[in-house]
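Just the one chain here, laid out as structure tokens, in the form predicted on its own.
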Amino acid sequence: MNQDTLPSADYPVAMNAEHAAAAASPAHTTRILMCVPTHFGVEYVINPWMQGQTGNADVSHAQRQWDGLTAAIGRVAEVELVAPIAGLPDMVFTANAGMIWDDAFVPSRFRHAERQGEEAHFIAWFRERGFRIVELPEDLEFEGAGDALYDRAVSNRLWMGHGHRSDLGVAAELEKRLPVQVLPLRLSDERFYHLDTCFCPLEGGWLLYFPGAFDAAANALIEANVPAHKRIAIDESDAVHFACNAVNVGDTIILNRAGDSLKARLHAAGFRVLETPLDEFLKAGGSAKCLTLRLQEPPRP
């Protein structure tokens, strides 16, 4: 696949040439929330990717990589910012702020104490912008759009990961509070602790996912609801580079890295792939999707 290079800070983004022309249009409608990595670091261990990485994050390197991601997203969407807070190094992963349904914001209830301080700041940000705050019961753990992903073919269908960070009981509570159908998927591999690390619904009803991250019942549920010709199952070599932790806007997919075979399959499905290195954030267990939160949900296919 022919690619051009989009310079961004010191880290280039590999970009399909055809997309470069299309992206020049100023008609950006998708809005995405991000947080500058001013206070990013690996200061504790709450997932397998953080093992052995405490104190190893290079903040300057992370900033340049975040700038590269922001530049790539800025070509297809509008970026809004939430202020970073000292002492909350994972606040940069805005996907975990909560989930959105129109003007409603369901804030996360983090499992680990290290991230619970983020909750009040995200609630304040959304409240100041006119969102209704829809609280879940205090005894349930839920980590937002890290574990709650809208289907891109059925607008009221919500896929929800559970087993590591979010409780299965959240599914019923979300259905009580929002007009959604929740399909729960049990995550079985601790490396893929959030749904968005191994599962990415794409425009047009396509699905990019790593079957090895799920138990048999979850894989059966996926296969029952997504046609075989729309399922793009990846192998472990792409999964561990967080190829599923991608940002999809229209026919553009932005991710850390994908092998040539996967890029060819995505291209054949009608998508343009932009790669922008995010290995500094992988030290904390996050990549492109983790660093973003769509502000206009659910999708309207």
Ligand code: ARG
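The numbering used is simple: start at 1 and walk along the sequence shown. What you see is a predicted model; the values in this text were computed from it and never measured.
In what follows, reference is made to the form predicted together with the named molecule, a form of this protein that is not presented.
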item: In the predicted bound form, the residue from Y150, Y193, Y209, F214 that sits within 4.5 Å of the named molecule by heavy atoms; value: Y193
item: Contact assignment for the named molecule in the predicted bound form, among M50, A57, I232, V240, heavy atom within 4.5 Å; value: M50
item: Residue contact check: R165 to the named molecule in the predicted bound form, 4.5 Å heavy atom; value: yes
item: Contact label in the predicted bound form: L278 to the named molecule, heavy atom within 4.5 Å; value: no
item: Non-hydrogen atom contact S108 with the named molecule in the predicted bound form at 4.5 angstroms; value: no
item: Touches the named molecule in the predicted bound form: G161 (any heavy atom, 4.5 Å); value: no
item: Segment that reaches the named molecule in the predicted bound form - one of 86-94, 199-207, 128-136, 178-186, heavy atoms within 4.5 Å; value: 86-94
item: Members of 260-285 lying within 4.5 angstroms of the named molecule, judged by heavy atom, in the predicted bound form; value: A284, G285
